[in-house]
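There is one chain below, alone, in structure tokens, taken in the form predicted on its own.
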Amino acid sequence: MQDCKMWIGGAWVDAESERTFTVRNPATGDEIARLPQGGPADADRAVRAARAAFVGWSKTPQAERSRILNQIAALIRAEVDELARIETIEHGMPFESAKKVLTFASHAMEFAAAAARTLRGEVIRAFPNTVTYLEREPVGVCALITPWNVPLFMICAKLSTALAAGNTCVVKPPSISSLIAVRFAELLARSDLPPGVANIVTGPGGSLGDALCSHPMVDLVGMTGSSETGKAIIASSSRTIKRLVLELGGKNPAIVLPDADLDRAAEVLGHHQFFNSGMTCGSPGRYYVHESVHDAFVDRLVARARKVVVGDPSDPATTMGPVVSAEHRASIENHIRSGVDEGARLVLGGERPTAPPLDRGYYVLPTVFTGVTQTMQIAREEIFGPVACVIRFGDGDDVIALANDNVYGLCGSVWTANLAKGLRMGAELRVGSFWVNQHNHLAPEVPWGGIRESGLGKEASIEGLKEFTQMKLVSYELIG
């Protein structure tokens, strides 16, 4: 078992309490690492290190900040096999998928480095003989609380944007996927990043995370996770009034119309449903399929699900590994049971594999429900697993009203050969992002973020970069 330390102020340190916690391999249940169990004292130490480093980093020329971010991106690519191996044994993502996600993380960092060099202010012509303008400046110290579903990618996406804009950061990775964050800190230590600019602390959200969100020296909290955690962060951060960038849950509608290309719809939606064992906030949460094509679409979706190879994520043949923990598997299985109990028809999956060696890990087989109704628990709550929920609708149903009947508002898609109709329907969806004949199609240049209980603000793109800046009004009179 590997023993790890936290990275604070450019030094490797233990938790002040000297307490630790263990991380397990979700494919086997075996313990693989022991990490410091940080608490409020460690949060304070990291925040003070970031505050001390902010003075110098915020004044560092943008070209130099961008150079260092590009250097870190290059280090990620140079170590991508090792990083992917860690994601595989700690998180359960198949090795080749992990490599692709980590390469995408390096691209996100390079984009932030380049985009930051284009940020500019605005001149305001409000008074005679006076120069008035708005300039962008860094917010300050950012607490970045990251999720376990794509752990290092989310660290890189948030950290690069914050650092590129001149902020300093304290990163708190999820307890069950902290080993990859510590390995990433080793890359930061090899880079030219000054001490204290980025700090990585490990420990539970209930104590360490709350201490960061309520700390008076933290100016912004960026977080990806559940809506329930987001609400707790809003409450905790309100004690000291902070900027918030929150990417929360989703129950994303995919509307399949009679003229849709069913083969393409089933292939694309099936990919996003089962990629990363369904643990993706943008995955399809509800399939609204017109009754005239319902059975044909379900046949294709089930066929796509049967192509998924569930197995050891280290095996190159595997396309879907375990879910992240025994607790999360229990949550998914509770949702599956509720679907059956409420009368939905289980047409595929719904169980765990029982043959060795998969009986040791936290596996859930690809699952497809039909006969789902709007009021069922599986139609309303985010499952965050490989579970497709298909809802039939007819000509008399207002499918947009059904799609909007949910507390979330992250993303959605419409599938039709009539582009104009797809765009009109998408315009009525209450979501942060929607696609026609595509789903969850993202790039570093594309902003990401939802509305309602799916979050606050945007990540990625130039818009995401702006979230980590604040506008200052500067005005002076021309005398003489």
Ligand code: NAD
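When you see a residue number, it is the position in the sequence shown, counting from 1. Everything numeric here is computed off the predicted structure, so don't read it as measured data.
We do not show the form predicted in complex with the named molecule, though everything after this point is about it.
Asker: Glu382 near the named molecule in the model of the complex, any heavy atom under 4.5 Å?
Answerer: Yes, Glu382 sits close enough to the named molecule in the model of the complex that at least one of its heavy atoms falls within 4.5 Å.
Asker: Decide whether Pro94 counts as a contact residue for the named molecule in the model of the complex under a heavy atom distance cut-off of 4.5 Å.
Answerer: Because no heavy atom of Pro94 falls inside 4.5 Å of the named molecule in the model of the complex, the answer is no.
Asker: Does the 4.5 Å heavy atom contact test between Phe297 and the named molecule in the model of the complex come out positive?
Answerer: Phe297: no, not in contact with the named molecule in the model of the complex.
Asker: Is there a heavy atom of Lys172 no more than 4.5 Å from a heavy atom of the named molecule in the model of the complex?
Answerer: Contact check for Lys172: yes, within 4.5 Å of the named molecule in the model of the complex.
Asker: Could you tell me which stretch in 355-363, 73-81, 249-257, 300-308 has residues with non-hydrogen atoms within 4.5 Å of the named molecule in the model of the complex?
Answerer: Residues of 249-257 come within 4.5 Å of the partner.
Asker: Exactly one of Ile233, Ala113, Ala265, Ala157 has a non-hydrogen atom within 4.5 Å of the named molecule in the model of the complex; which residue is it?
Answerer: Flagged contact: Ile233.
Asker: Which listed residue (Cys213, Val197, Ala165, Ile86) meets the criterion of a heavy atom within 4.5 Å of the named molecule in the model of the complex?
Answerer: Contact check passes for Cys213.
Asker: Judged by heavy atoms and a 4.5 Å cut-off, are Ser106, Leu152 and Thr161 together in contact with the named molecule in the model of the complex?
Answerer: The answer is no: none of the three residues contacts the partner (heavy atom, 4.5 Å cut-off).
Asker: Determine the residues of 139-171 with a heavy atom within 4.5 Å of the named molecule in the model of the complex and present them in sequence order; the list may be empty.
Answerer: Contacts from 139-171: Ile145, Thr146, Pro147, Trp148, Asn149, Met154.
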